[in-house]
Structures are given as C-alpha cells and as structure tokens.
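Before any questions on binding or motion, here is one chain by itself as structure tokens, the form predicted on its own.
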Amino acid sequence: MRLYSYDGPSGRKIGEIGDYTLYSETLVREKSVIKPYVTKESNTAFNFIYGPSTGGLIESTLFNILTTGESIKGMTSDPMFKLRELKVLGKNVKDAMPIIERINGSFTASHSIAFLGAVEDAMEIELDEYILMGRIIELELERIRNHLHVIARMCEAAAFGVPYNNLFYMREKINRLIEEYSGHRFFHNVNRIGEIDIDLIGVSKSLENICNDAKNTYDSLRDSKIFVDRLLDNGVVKDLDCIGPVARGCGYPYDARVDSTTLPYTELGFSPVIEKGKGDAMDRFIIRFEEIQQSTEIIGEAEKRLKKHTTRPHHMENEGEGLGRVESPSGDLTYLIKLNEGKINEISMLTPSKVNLPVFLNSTRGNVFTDFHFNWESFGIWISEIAVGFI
C-alpha cells in the first residue's frame, strides 16, 4: 500500500479495522481491545430495556439502561439486531459497487469514495484534479445534507415543528440539487475506478439560498431558551477516542480532511471547525451548523478548480492491498481491501458510528432519560453502518 505502512503506532488512534488498529498516519498489526463499560449493581437501580423497535428512533437497536427511575446510571447497547451479511468477496469492483453504495444510503458518496480510494490505492491509480475536486464536492454536499438531517431530528425531539419541517425542506432541496447535477439523489453510479460521472459546474451558486435559510434557522434556535436548555450539559464528552463532529465539538481538531493524502482539502484552505466548550449536545449542534457554512465555501473553492475532463485509460494492477479514508459527515470512514486477480479477496470497514457508539453510551451517565433523544441525535450515529458483515 502506498498510503500506510505497518510500522509502530503513529499519530492519533482512530479505531479498529479488520485485524489492525488504524492511526491517523499508519496501520498497526495489533488488534485493538475495547473494554466494555460494565454497570455496577445497585439496590435502588433497575434495568430498563429500550428498543429494539421504538417510535423515537429511525433505526432498530436495543439499549439496556440502568436507572433509578429518571437518572441514567449506565447504558449498554446491542446494535446487531439487523445484522446484514453482504456478499462482496470474490466479486470484481464493478459488481461490488452497488452493494457498497447501499450500506448507508445517506452516506453513499462517503462509502463509495472511501471504497474506491482503497481500490485505486491497490491498483496504483493516480487521479486527475477534476476527479479529486468532484469527489470533494460530493462529500461536502453529503455533509450539508446530513447535518441538516441531524439538526432536524434534534428539533423533533423538542417538538419544534416549524424548524423541524424547515430543515427537512432544506434537506429535500439538497437532494434535488444532487439529483440535478449527478442524476441520482444519493450519488448512485456516479463514482467508478479512476472516474467520476458528474458535472458540477454551477453547484455552489445553487447552494446559496439554502445555506442562507439554514443560517436564519440556526439564529432562531440559538435564541430559543427552551431548545438551548435541552442541549446544554447534555451528553458531555471529553474522550480522546471520539471522532468527527463529536470530537470537534469537544475541542479536538480531529478531521480526516486534514490527514488525507489523496483528497487535497488543505490546498483549498481547509482547517477544522472546533468548539472549545463543554463537549455537550449544544457544542455538537453548533459544530454542525458552522460546518454547513464551511462546506459551502469548500464547494465554491473546489468548483473554481474544475477543468474540462476527458476520460483517460488507466493501467490497473490486478493484485494489491489498499486503504481509502474520508471524513464522512459523522467522522472517519475507512476501507481496507486486498485484490486478487481483480477480485475482492479481503475487505474490512471502519465507520464513525462504530467508534462513537461507546462514547455515546458513556456520555449518558448522569443524564435523565428525557434528554436521551437530544443527545442520541447529536451524535449522528447510524446503526446501518455498524451491523454489517462482509462475506
């Protein structure tokens, strides 16, 4: 692999991928050990089972909550109720792509670009600037859409119907914008090995009104004492193992866009948005709105560098090992693959939801159950990215 070497630990530890531990600068041939949180027995507390199917969650999962009736003393989770075993081993990349794109529909661009990054690393393919800028724009459009989704879900928990519907209307506008420029609302069949099938000229101009509306909604929510009170001191996180907006919400400048050796974000003037607050749901709320504005600026800069693109033939290695990593809307998303005769021999995936779920569980201790939904939504966790196996 060109991107990573099997040396000693280097940089910041991100998480477990296959039989390895991924750091910000390298892979290590050591399987990380995650110590589960064990709730202490109490004469006054009892276990309350929430899920696996509930009206307040959009995905099925199970939470086992240790509580005295209102205060949460501890929580565990089993996200594997909807385990999906995806048949990709032995397939060529083209046949595997529709499966990878549908692991999490909301993160189609993130999964397809990270997966292809690993494939292109294994095949030793260099990408031209048009493809690099196009993929950056895809990822940032997806980030805007998902941040609008997460904030809308937080508003729903507060029964704030007007901002909830406004934010989902904005998200729908982003979906239609993506379809207009790519041919599909979720970027299906846009990314291929060493190629991109999309024309993004003019997309930044189309974003302006949506982002202005988002800013107005943000200002109104910040002025709502009822809404702000439900987020302040809710789900406080100060955990070096967290990633994505959760990490940036507690002051850590963790962002795969800075570390990327393939997507030239730093050439566009990018630096992470961080919030040096308590690391609570309020800080995560602020980070997401600020990143919506930042993503709009990144798209504008990337669009300026789009040049006329002509497909060129690539020399492709049939065998190799590669790693691809992107900053999805929820944090680091990484694929590690091995190709043999052009087919997938091994594949492992590290998702931000898998990394941040234990952090969320620990953040609930000391909260009351009525604050659960605000905190849960602020993490942006997708069970669909955790309950996955490759066969």
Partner chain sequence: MDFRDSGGFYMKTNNWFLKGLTKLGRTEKFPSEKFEAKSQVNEKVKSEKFMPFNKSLHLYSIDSGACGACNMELQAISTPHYDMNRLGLFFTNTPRHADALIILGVHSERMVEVLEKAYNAMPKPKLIISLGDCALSGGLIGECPEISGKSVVNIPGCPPNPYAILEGIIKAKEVSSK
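All figures in this text were calculated on a predicted structure; none of them were measured in a lab. Residue numbers count along the first chain shown, from 1.
The next section is about a form of this same protein that is not shown, the form predicted in complex with its partner chain.
Asks: Within 4.5 Å, heavy atoms only, one stretch in 299 to 307, 198 to 206, 274 to 282, 251 to 259 touches its partner chain in the model of the complex. Which?
Replies: One stretch meets the cut-off, namely 274 to 282.
Asks: Between its partner chain and Arg29, Asn212 and Thr351, in the model of the complex, does every residue show a non-hydrogen atom at 4.5 Å or closer?
Replies: Not a single listed residue reaches its partner chain in the model of the complex, so no.
Asks: My question is simply whether Gly244 lines the interface with its partner chain in the model of the complex - judged by any non-hydrogen atom within 4.5 Å.
Replies: It does not: once its partner chain is placed as it appears in the model of the complex, Gly244 has no heavy atom within 4.5 Å of it.
Asks: If you check in the model of the complex, is Arg102 within 4.5 Å of its partner chain, heavy atoms only?
Replies: Although its partner chain is absent here, Arg102 would touch it in the model of the complex, with heavy atoms inside 4.5 Å.
Asks: How about Glu129: is it within 4.5 Å of its partner chain in the model of the complex, going by heavy atoms?
Replies: Heavy-atom contact with its partner chain at 4.5 Å: absent for Glu129.
Asks: Is the gap between Gln293 and its partner chain in the model of the complex 4.5 Å or less for some heavy atom pair?
Replies: No, Gln293 stays farther than 4.5 Å from its partner chain in the model of the complex.
Asks: Output the sequence-ordered list of residues from 364 to 389 with at least one heavy atom within 4.5 Å of its partner chain in the model of the complex.
Replies: Going through 364 to 389 in order - heavy atoms within 4.5 Å of its partner chain in the model of the complex - the hits are Trp382, Ser384.
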